[in-house]
Every structure is written in structure tokens, then in C-alpha cells.
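Take a look at this one chain, the form predicted alone, written out in C-alpha cells.
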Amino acid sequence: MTGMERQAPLAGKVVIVTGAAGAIGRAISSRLAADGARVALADLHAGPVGDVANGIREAGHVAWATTVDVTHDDGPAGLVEETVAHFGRLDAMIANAGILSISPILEMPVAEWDRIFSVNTRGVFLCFQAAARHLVAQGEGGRLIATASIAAKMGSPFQAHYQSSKAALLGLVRSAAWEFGAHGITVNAFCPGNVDTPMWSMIDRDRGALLGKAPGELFREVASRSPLGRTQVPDDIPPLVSFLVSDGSRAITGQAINVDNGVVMY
């Protein structure tokens, strides 16, 4: 290897990424694979997540794809079992699957509140539980990482269910860090901001309309709160996630780390 070649900091590690077909999930999966990890990619639908895996393999890296519904009691457990059967071990779980909708509190059906929590909070709990059971038995430490959001740390109109589901994740992360620390397992979350993705396009359209804003106005308004003066893109997220998977993050646990262009500073 020449001095110009990039090191593979995650060489030998096996990492699960849920929600891998989404914009951020795809970016994370590609970066982890480029950093040397063998990635198990999971999403609801086989076609899109298979396309992500194919792209990673075409780039010369290792990826395997399957489907999962993280809201099903046995979904994440089956995913972990399949991954270990395929790769022989597990080192990290990236619980990235998440959904969002826009609804004023006074008009929100209880079923919609439950739907958001089912994926964003219960799904992460099930992923963490399933992965931790294997990591504890494996006895070599590991990483549990959740996709939260700056929404976990601030309020926004017409997203009470989403903000609440992401805030609940932070409680899970902190408590899990205490329970699994003795096993060498770190537990963290990362908090993206207004990343230029289809999800934020929906927020801009639907929440923006309720706020009386023209298309694109809400996105630009939130982006303008950044001291960096730039729009956040999916590729901003993976370097932090790769570091949290790496051995270099061994002293970091129970944290919710913002990766949001500085929009939120706590």
C-alpha cells in the first residue's frame, strides 16, 4: 500500500444498516463499505436496497442486502441472525430506519402518532436489543448507533410526533450505554439537520404550506441558521458514523452528536 492510498479503518468489521435504501442510509452504507466494513443492508423493499448493495459491490466493496420490517417483534432479531449466518459475526448496528409526517396536534390521529413511534423509537429499541444480545454473547464489544435528529433537541410546529419519537431515542441511548458498557459496547446517536433529501423536500412542501411559505422557503430558512452558510447533503453524515463504528470511538458512549452545519449547538 502506498502512502497515497486510503487506509481501511473498518477492515474486518461487520455492520448492519437499516433504512439503507434512503438517501442518508445509502450514503452511510457506501462510506462504511469504502472504509473496509462488510455491510449488511436492510430496508422494507428488496429492489431499492438491492440496488444500493449492487452499487457498493460494483465499487469493489462487500455488501449483502435483505429486507426487514423493524416494527415487527422478530424482524430485527431475524436480521441479526441472517447477518451472522452470512458474515460469521457482528460488530455494529446502525439503526437508521425512520419516517416522518406533518400533522398539527389538534388534527393528528392517534394512529399516526403510533405509526411514527413504531418505526422511529420501537424499531430502534428492537434493533438495539437484537444486536446487543448477539454482541454480549460474542464477547468482543461492539457498537450500537441510532439515527436521531436535531428534532430531538428542539421543537418545530406540526411535527410533535416526530420530535417526540426522536427525543425518546436519546433516553434509550443513554440508558443502553449504562447497561452495555461493561460488555465493551458503546451506544450513541447522531443528529442530522436539514439535509437535502426527499424527506426534507416533503417537510419543506407540507410544513412550509401550513406556515404559509413558498416552496423552498422553509428549507432555505433553516439552512440560513448555519454559521457555515451551506446546504447540508447526505455525504456530510457518513464520516461521523464511520468514526463511531471505529475503534477510535471507544471512549464515546451515551452521546447524541449533532452533524447539522451548526444549526443546533448543544
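Don't overthink the numbering: it's just position in the shown sequence, from 1. Predicted model, so just to flag it, every value in this text is computed and none were measured.
Form predicted together with ligand NAD: not shown, discussed below.
Ligand NAD in the model of the complex comes within 4.5 Å of a heavy atom belonging to Y162. In the model of the complex, ligand NAD lies farther than 4.5 Å from every heavy atom of G142.
Proximity of I105 to ligand NAD in the model of the complex falls outside the 4.5 Å heavy atom cutoff. Among residues of the shown chain, I24 is one whose heavy atoms approach ligand NAD to within 4.5 Å in the model of the complex.
Shown here without its partner, the chain carries L10, F128 and T186, none of which come within 4.5 Å of ligand NAD in the model of the complex through any heavy atom. Between ligand NAD and the residues A167, V136, V195, L172, the one pair within 4.5 Å by heavy atoms in the model of the complex involves V195. Taking V84, A132, A177, V119 one by one, only a single residue has any non-hydrogen atom within 4.5 Å of ligand NAD in the model of the complex, and it is V119. Contact annotation: ligand NAD lies within 4.5 Å of heavy atoms from the stretch 93 to 101 in the model of the complex, the single such stretch among 178 to 186, 153 to 161, 106 to 114, 93 to 101. With contact defined as any non-hydrogen atom lying within 4.5 angstroms of ligand NAD in the model of the complex, the stretch 230 to 266 contains no contacting residue.
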